[in-house]
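First, one chain by itself: the form predicted on its own, in structure tokens.
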């Protein structure tokens, strides 16, 4: 069993009533961008824990995590009220294989995330590996409302630093928002509108695809991609699709 260590909250950023980010000072072991740890609070005599991906890069401190309070989510609702100086438990050792080490080389890297499932992609994009290995990186973020689109400053910094090597597309399902696409990511893959908007083809020869977030988005997108000949990426049988459900 991985060891629990105590961290200290340095900031709790409330983006909306239900969307927030925690910054935590803690001496965790080294991790790889894309991995996750477990966070926990002791509530009514019971340690309530749940896995969360790092949004921060491996060398970045404090550690950063991105949350949406789920209906009936005891831990996510409790963490919403944490203040700087409060303590929280973390697993010292990270886990997970949703990392670029598991992704074969290609020309283009597509990153599809919904909601807070975009967190591991930010961790990855803050490192040098994607920019060294891929000619173009396309980040696609799907949310319900415009208020759920966060980390504009970070996205702007990546765009300024990486230039034409980076593209960002936002999808909003419940509102018409200027500068974004109305609808779901899988539908835009199916009808070709996403590729047209990015001026880049999703191709078996030139694309690697990582998907993280709502299981429905992941499932639907994978089915559409498989119909086009893409296949799941496995160590023994490398493919083009790497997934992680973030729910």
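Positions refer to the first chain, counted from 1. Just so you know, these numbers come straight off a predicted model, no measurement behind them.
What comes next is about the form predicted in complex with a small molecule, which is not displayed.
Although the partner is absent here, residue 51 is a contact residue: one of its heavy atoms lies within 4.5 angstroms of the small molecule in the predicted bound form. Among heavy atoms of residue 143, none comes within 4.5 Å of the small molecule in the predicted bound form. Of the heavy atoms in residue 204, none are within 4.5 Å of the small molecule in the predicted bound form. Although the partner is absent here, residue 73 lies within 4.5 Å of the small molecule in the predicted bound form, judged by heavy atoms. Contact with the small molecule in the predicted bound form, defined as a heavy atom within 4.5 Å, is made by none of 125, 127 and 166. Of the residues given (138, 103, 90, 119), 119 alone sits with a heavy atom within 4.5 Å of the small molecule in the predicted bound form.
The stretch in contact with the small molecule in the predicted bound form, judged by heavy atoms within 4.5 Å, is 75-83, chosen from 169-177, 149-157, 75-83, 128-136.
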